[in-house]
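One chain comes next, on its own, written as structure tokens: the form predicted alone.
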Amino acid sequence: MTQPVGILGGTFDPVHNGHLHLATTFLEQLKLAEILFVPSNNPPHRPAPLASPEQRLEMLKLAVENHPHLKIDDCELERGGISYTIDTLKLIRNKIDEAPLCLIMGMENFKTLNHWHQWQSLLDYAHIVIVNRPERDENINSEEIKNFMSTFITTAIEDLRDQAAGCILKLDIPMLDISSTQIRNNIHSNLDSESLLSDKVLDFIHTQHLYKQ
């Protein structure tokens, strides 16, 4: 089996150093071939992004241009409408054939996975890798999610390479304390954000007058 491909979705409104830190950490720990950043068009479980699809895509391009193993897949922007993860996994699976896929998500998202569209079919197309910040509450309240996790959980990273999909792996990793909301609020209030995202992304934000309203 070939090296797995990671998938990291989100609005990336804007993309920041925390996203890049997460991606490069997973590349190393899971020995991934690459990570695909997949910007969502219209996320079903959160407010619509403030920056346009074109602006968010350009910020991603600027952020990953010096990282050869970090790529962008704009399939959700091209597809339009509501961005359902199951549709994205089906499309990427068709493109890469039998290579293992690893869908990366935070524990806070995994806890509500049973509200996602066709959520029980996600493991037909990819593994799920859960990022749990060591200081965060990892308790799952939903019995449905608990049973789902206990059925497919693995502690062996090798399992992600030995089969194309179907496993759940949880990793506790240190995270940078950065959020897109924090950056937007900083820019709106004319506060410094230079340490939170790349210089080129920050320059683009200022040039486009983003997040000032």
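Because the structure is predicted, anything quoted here is derived from the model rather than measured. Numbers for residues come from their place in the sequence shown, where the first is 1.
This next part talks about the form predicted in complex with a small molecule, which is not shown.
With the partner omitted here, the stretch from 91-99, 76-84, 117-125, 104-112 that lies within 4.5 Å of the small molecule by heavy atoms in the predicted bound form is 104-112. The candidate spot formed by 16, 178 and 184 lies fully in contact with the small molecule in the predicted bound form, as each residue has a heavy atom within 4.5 Å of it.
Residue contact with the small molecule in the predicted bound form: residue 131 places a heavy atom within 4.5 Å of it. Using a 4.5 angstroms limit between non-hydrogen atoms, residue 210 is distant from the small molecule in the predicted bound form. With a 4.5 Å cutoff on heavy atoms, residue 188 does not count as touching the small molecule in the predicted bound form; it lies far away. Interface residue remark: residue 46 is counted as part of the site for the small molecule in the predicted bound form, having a heavy atom within 4.5 Å.
Checking 198, 193, 11, 25 against the small molecule in the predicted bound form, a heavy atom within 4.5 Å turns up for just one residue: 11.
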